[in-house]
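Form predicted alone, single chain, as structure tokens, below.
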Amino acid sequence: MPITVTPFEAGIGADISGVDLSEVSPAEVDQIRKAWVAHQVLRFRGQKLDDDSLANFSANFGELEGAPIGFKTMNYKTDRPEVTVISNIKIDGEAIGGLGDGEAEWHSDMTYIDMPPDASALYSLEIPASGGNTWFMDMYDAYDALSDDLKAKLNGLTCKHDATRSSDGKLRNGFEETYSREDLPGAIHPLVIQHPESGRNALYLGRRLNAHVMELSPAESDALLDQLWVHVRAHAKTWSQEWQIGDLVMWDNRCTMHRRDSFDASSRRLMHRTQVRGSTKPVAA
């Protein structure tokens, strides 16, 4: 059965059917990669993957990244060190995974490092009856929808991405509650980047919390970033993934942002995640 690519009506993302991710051929990997670059987010339904299968499939797209900051010191048990647990489940009062059950704000993964992941893949093992949907935003579209004046204003500007807090707003292990603007840990990236494979320009915001534009005063930085975040929420294309057990969703971290809805803390949600290490630093458009 050949691979079928069915784009979502939202204008971002596509369903991929006709493939067993536990045993993909080189030709299938090539088709999947082309679809991933073209559609930014891919969903594969009805998969049956153990940690080896998940890691081996993900490694077709590059060297796998280790766990993010703060995850390495917690009791996450997987069969492969490249696989991270995302879960609200607790055993004997201790969390087995990260990010709990609260809302996770719009962000791109690990943009607080110099070479953020190219891709992330999330596989569902247990899901709540409702809630916990994952949303994706098209950052090509976010850039294209900017006015010409604002595009010109962003030329040459860079932004520091905060390393101290996770996407649910919690302080990561080993960091202080507050830092000066100058001392804030994190990486500096262009506000507009050129995707190394598609060649398209994307707005590159990372996340809002504690971010600042290096070339502007604090007041000017806050005003510009607030303007950009209002813009993307109002104008960029988005798609919501309503999870089923056995779904694997893979996204291009260089040209998308994502967020998660909260869900009932008494229900169980268990996901395993891999991330493909960045192949290049984000380059200004």
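Small disclaimer: the values here were computed from a predicted structure and weren't measured. Residue numbers run from 1 along the displayed sequence.
Keep in mind that the form predicted together with succinic acid (SIN) is not shown, yet the notes after this line are about it.
Visitor: Checking a candidate spot here: are 96, 127 and 272 all in contact with succinic acid (SIN) in the model of the complex (at least one heavy atom each within 4.5 Å)?
Guide: Judged in the model of the complex, none of 96, 127 and 272 sits within 4.5 Å of succinic acid (SIN).
Visitor: Which pick from 167, 201, 78, 164 sits with a heavy atom within 4.5 Å of succinic acid (SIN) in the model of the complex?
Guide: None of the others qualify; the residue that does is 167.
Visitor: Of the residues 44, 36, 239, 243, which one places a heavy atom within 4.5 Å of succinic acid (SIN) in the model of the complex?
Guide: None of the others qualify; the residue that does is 243.
Visitor: Given the stretches 104-112, 142-150, 177-185, 209-217, which is the single one in contact with succinic acid (SIN) in the model of the complex, using a heavy atom cutoff of 4.5 Å?
Guide: Heavy-atom contact with the partner occurs in 104-112.
Visitor: Please run the contact check for residue 88 against succinic acid (SIN) in the model of the complex: heavy atoms, 4.5 angstroms, yes or no?
Guide: Because no heavy atom of residue 88 falls inside 4.5 Å of succinic acid (SIN) in the model of the complex, the answer is no.
Visitor: Does at least one non-hydrogen atom of residue 260 fall within 4.5 angstroms of succinic acid (SIN) in the model of the complex?
Guide: It does: once succinic acid (SIN) is placed as it appears in the model of the complex, residue 260 has a heavy atom within 4.5 Å of it.
Visitor: In the model of the complex, does residue 205 have a heavy atom within 4.5 Å of succinic acid (SIN)?
Guide: Judged by the heavy-atom cut-off of 4.5 Å, residue 205 is well away from succinic acid (SIN) in the model of the complex.
Visitor: Hey, in the model of the complex, does residue 122 get a heavy atom within 4.5 angstroms of succinic acid (SIN)?
Guide: Although succinic acid (SIN) is absent here, residue 122 would touch it in the model of the complex, with heavy atoms inside 4.5 Å.
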